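Only one chain is given next, in structure tokens, and it is the form predicted on its own.
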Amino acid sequence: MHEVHGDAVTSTAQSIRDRVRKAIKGQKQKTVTVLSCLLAVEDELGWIPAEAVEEVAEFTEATINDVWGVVSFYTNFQTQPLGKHRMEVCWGPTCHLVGAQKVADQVLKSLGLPSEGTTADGAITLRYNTCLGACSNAPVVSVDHHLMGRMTPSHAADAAERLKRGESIGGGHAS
């Protein structure tokens, strides 16, 4: 992931630690937990790097294993940097029954990905979501938090192609 070596990597890691410390110390609620710290970090960075796990463990007086346990339990926490745009294909039972697999297959093909992940240029991250909460519009895809319902494989591929071209997708064609 890091192509730069030496002081630049150290500087980046220190910068991440500084941002993590600021995020976890800046929480306004009375009760600060491992979970609230991880949410604060994800709000700040968009993902949970290893440095954040160490900082959260130290701040909450938990073990690193305890913090990793929370990170790995909640599948919505990201442990890798995400792309500029995020696509999520709902993988809930309703979406699955009405064609989410074909939608996902077409999006993977359009993005050139073998499975969930981020495109080589870092532009788009594709994830499966256990439920996007819009079952009446299944199958559902989320593009940068905009739900798009009653997706067909071709509509989903079109959305992926538009993102690849740098076009924004605001609200999609949700029904």
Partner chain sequence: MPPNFAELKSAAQQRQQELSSKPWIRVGTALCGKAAGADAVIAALKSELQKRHMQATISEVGCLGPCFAEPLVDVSAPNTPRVVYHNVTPEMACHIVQSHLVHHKPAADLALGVVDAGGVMPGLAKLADHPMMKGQVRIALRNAGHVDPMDIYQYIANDGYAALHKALTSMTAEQVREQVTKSGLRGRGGAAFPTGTKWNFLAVSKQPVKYVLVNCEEGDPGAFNDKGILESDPHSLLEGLILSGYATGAIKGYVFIRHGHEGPIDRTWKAIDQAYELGLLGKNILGSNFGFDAEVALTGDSYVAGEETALMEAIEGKRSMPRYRPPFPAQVGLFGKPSNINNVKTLSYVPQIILKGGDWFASIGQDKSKGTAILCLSGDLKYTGLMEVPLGVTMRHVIENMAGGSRSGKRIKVLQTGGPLGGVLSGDGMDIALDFEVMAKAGAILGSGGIIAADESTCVVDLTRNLVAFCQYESCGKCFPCRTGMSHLLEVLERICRFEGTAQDLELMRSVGQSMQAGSLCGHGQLGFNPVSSALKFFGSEFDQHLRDKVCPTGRCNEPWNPPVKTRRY
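So that the term is clear: the rigid core is the largest set of C-alpha atoms that superpose within 1.5 Å between two forms. This is a predicted model, so every value here is computed, not measured. Residue numbers count along the first chain shown, from 1.
What follows is about the form predicted in complex with its partner chain, which we do not show.
Using a 4.5 angstroms cut-off on non-hydrogen atoms, would D43 count as touching its partner chain in the model of the complex? Looking in the model of the complex, residue contacts with its partner chain include D43, since a heavy atom lies within 4.5 Å.
Heavy atoms within 4.5 Å of its partner chain in the model of the complex: does K84 have any? No, no contact at 4.5 Å.
Should E116 be classed as touching its partner chain in the model of the complex when contacts are defined as heavy atoms within 4.5 Å? Yes.
In the model of the complex, is there a heavy atom of its partner chain that lies within 4.5 Å of any heavy atom of C131, even though the partner is absent here? Taking the distances in the model of the complex, the answer for C131 is yes, it comes within 4.5 Å of its partner chain.
Contact set, 25 to 44 vs its partner chain in the model of the complex - heavy atom within 4.5 angstroms: K28, Q29, K30, T31, T33, V34, L35, L39, E42, D43 sit within 4.5 Å of the partner.
Tell me whether T118 is among the residues that move between the shown form and the other one (Cα shift of 2 angstroms or more, core superposed). Shift at T118: below 2 Å after core fit.
Once everything's superposed on the core, is D66 shifted 2 Å or more at the Cα between the shown form and the other one? It does shift by 2 Å or more.
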